[in-house]
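Form predicted on its own, single chain, as C-alpha cells, below.
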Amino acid sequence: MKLSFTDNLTEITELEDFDPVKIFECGQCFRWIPDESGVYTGLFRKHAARVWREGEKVFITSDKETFEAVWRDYFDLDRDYAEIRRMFSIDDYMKKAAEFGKGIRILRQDRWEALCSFIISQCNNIPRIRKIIEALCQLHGEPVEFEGKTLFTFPAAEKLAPLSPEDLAPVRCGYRAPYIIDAARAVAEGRLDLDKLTAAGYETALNTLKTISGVGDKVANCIVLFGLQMLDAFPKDVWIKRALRGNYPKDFSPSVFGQYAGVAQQYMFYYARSGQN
C-alpha cells in the first residue's frame, strides 16, 4: 500500500483488496450512501468523508492527519486481506466466494453504533434498516457540516437512554424501540462496557450481549464481529444458512476458517446474496 496526500485528499495505490461497493454493501454497515457516480459518503463518529475507487486508485477525502488518526484504522488498512483470501482456498465453493468478494474489508466501527444498528437489523431488510437509522440520527444525532451538506452523527447512548419507546415512534422502528432504549441504558449506566467487552473474549462477549433485551445469537454475533472486531465470530443469517446447507455437511464448523472466520462469513454472505451458488 502506498499513500499520497494533497490538501484534503488521500490517494491510495497498490491496495488490491479495497472495493467500496463491496465494503459498504456487504451487510456490515448502513450509513455509507452512494451518489449517482458511485462515490460513497459517510461518517465515523464526527468524521465525514467521501470514498471511491478509480481503477487501481482509492480516494478518501481526508488530510494526512485525519487519515492516520481515523481512516487508516477504520478501514483496517494494515491487514493483508489478500493473504486471508488465499487461506480460504480450502474447497471450490469457498475459493469462488472469496474471489467474488475480493475487496471486502471488515470495518472498525463505533461499538455503540454497531450494537444499536444490529438491534435494528433483526427481521429487517437493508433499505429499511438504513431508513430507520437515518431517521434516528436526524432526530437525535448532532449535525456535521460537510461539503455544503448537513450530516448527522449516530446518537450517543446517553442521548437515547432517557427516552421512552413512544419518543422513538417517528423513527418507525416498531417493536425494536424498547430494545434500543434498553441497550442505551445499559451502555449509559456502565452495566455494559463495550470497551472492556472487546478484551473479554468471544464467549464472554457473546453471552453478555445476549443479556440485552432483543439480542439473540445472530444479532450478538454480528455485534461481536462488526462492533467488537472479533474476526473469529461467524453470524448465521438466512443467506449463510442457505450457503452452508448447499455446500457443506451438517456437521461443518466455521472453526476451519480459524481467526478469520468472520471474513469468510462476509465473503459467503456477499456471494450468496448476489445470487451465486
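This structure is a prediction, so every number in the text was calculated from the model and none was measured. Residue numbers run from 1 along the displayed sequence.
What comes next is about the form predicted together with the DNA, which is not displayed.
Exactly one of the stretches 78-86, 151-159, 105-113, 119-127 approaches the DNA in the predicted bound form with heavy atoms within 4.5 Å, and it is 119-127. Only one of 140, 95, 72, 131 lies close to the DNA in the predicted bound form, with a heavy atom inside 4.5 Å, and it is 131. Put simply, residue 62 is far from the DNA in the predicted bound form: not one heavy atom of it is within 4.5 Å. At the 4.5 Å threshold, heavy atoms of residue 47 stay clear of the DNA in the predicted bound form, well away from it. Within this chain, residue 228 is remote from the site of the DNA in the predicted bound form, having no heavy atom within 4.5 Å. By the criterion of a heavy atom within 4.5 Å, residue 174 is counted among the residues contacting the DNA in the predicted bound form. Residues 265, 269, 273 are the members of 249-274 with a non-hydrogen atom no more than 4.5 angstroms from the DNA in the predicted bound form.
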